[in-house]
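First, one chain by itself in structure tokens, the form predicted alone.
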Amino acid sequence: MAVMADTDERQVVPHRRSRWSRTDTLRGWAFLAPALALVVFFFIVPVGLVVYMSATDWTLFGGFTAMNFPQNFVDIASDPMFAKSLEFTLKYTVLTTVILMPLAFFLALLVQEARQWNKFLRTAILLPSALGIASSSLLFYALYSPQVGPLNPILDSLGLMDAQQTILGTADGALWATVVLVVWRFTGYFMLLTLIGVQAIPGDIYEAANLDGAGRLRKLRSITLPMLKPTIAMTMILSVTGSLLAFDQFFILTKGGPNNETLTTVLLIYKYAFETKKDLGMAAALSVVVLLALVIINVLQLRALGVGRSEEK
């Protein structure tokens, strides 16, 4: 009888555990369901709608008329403005990233090393990040204005340009004026991200390096940069992605001019949808192209920097 009781008990225990496991699973899905619903509603559904629109003839005022895949993609590839906007966007992205990231990195090291002026430097550098990019663009639009801005008389006195000319009137002037705006606006933000990564490096590693007689340059090359690799990867992805999706600053400062010389791909999407083509299908197709390009570029960046799954955790 005792043997039969033990057998029955062993059969009941797995059954209870299985029931508890199912209950825990259902409870877990219940906690996860609201977040999952938000992700599906706000991310997956909009992306799916854009992909669907990219395969249709969908005008701004006429709406959906028919499927036309892959005509929208063919029209984009044959549009000379696409190649022009792509070239300018890549040029702007390289310039912005090459200037912004080293500047933010060395400012983070400066703030980290500063003792007396630490709080003042951190606040002063981070202050422009409190402004939105649209507000910053309006501020710089006034600064660059030949009528009310203070820069034109200064550049005129230095013999660099005529006071009546506008900085935004040439392609190079508009490009560099926008790069200056973006670097001013985002340097503090990227400095803060880098500073968090620098402060996360254990201090005993630097103390051991000091005991071994390592200098500043050796510690920077052998400790700081290798241990900052995940932070560098994250800031580079943010910089490249933000630059490839640049819209507000160019829409406010140049509207793609002069002569479409500062037309970015996202500004071209806007023009396809609401100005030149009034074609939401073409705008959606270009959005899909930009999305795929961003995914590929970000994956390549992570692989180039050697950021593995263990470092991402």
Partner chain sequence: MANLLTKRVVYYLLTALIAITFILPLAWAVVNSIAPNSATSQSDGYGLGNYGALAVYGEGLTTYLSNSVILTFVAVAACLIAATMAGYAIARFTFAGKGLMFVLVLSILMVPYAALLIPLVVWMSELGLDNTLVGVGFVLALFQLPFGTFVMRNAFESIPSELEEAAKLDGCGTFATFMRVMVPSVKAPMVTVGLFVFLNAWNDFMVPLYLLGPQNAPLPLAMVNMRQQVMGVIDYGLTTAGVVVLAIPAVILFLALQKYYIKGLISGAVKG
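Here the structure is a predicted model, which means the values were calculated and not measured. Think of the rigid core as the biggest set of C-alphas that the two forms share within 1.5 Å after superposition. Numbering follows the first chain given and starts at 1.
Heads up, the form predicted together with the partner chain isn't pictured, but that's what we're talking about next.
- Judged against the partner chain in the predicted bound form with a 4.5 angstroms heavy atom cut-off, the residues V45, T187 and L192 are in contact without exception.
- For G62, no non-hydrogen atom is located within 4.5 Å of the partner chain in the predicted bound form, even though that partner is not displayed.
- Although the partner is absent here, F82 lies well away from the partner chain in the predicted bound form, with no heavy atom inside 4.5 Å.
- The shortest heavy atom separation between A55 and the partner chain in the predicted bound form exceeds 4.5 Å.
- Proximity of F69 to the partner chain in the predicted bound form falls outside the 4.5 Å heavy atom cutoff.
- Note on the partner interface in the predicted bound form: the residue among L217, L160, A208, V148 having a heavy atom within 4.5 angstroms of the partner chain is V148.
- Proximity to the partner chain in the predicted bound form, defined as a heavy atom within 4.5 Å, singles out one entry of L225, A130, A200, V98, which is A130.
- Stretch 237-245 is the answer when you ask which of 69-77, 169-177, 82-90, 237-245 has residues with heavy atoms within 4.5 Å of the partner chain in the predicted bound form.
- Residues T123, A124, I125, L126, L127, P128, S129, A130, L131, G132, A134, S135, L138, L139, F140, Y141, A142, L143, S145, Q147, V148, G149, P150 of 123-156 are found to place at least one heavy atom within 4.5 Å of the partner chain in the predicted bound form.
- Taking 2 Å as the criterion, E113 counts as shifted between the shown form and the other one: its C-alpha moves by at least this amount when the rigid core is aligned.
- A movement of the C-alpha atom of G28 reaching 2 angstroms or beyond is seen between the shown form and the other one when the two forms are aligned on their rigid core.
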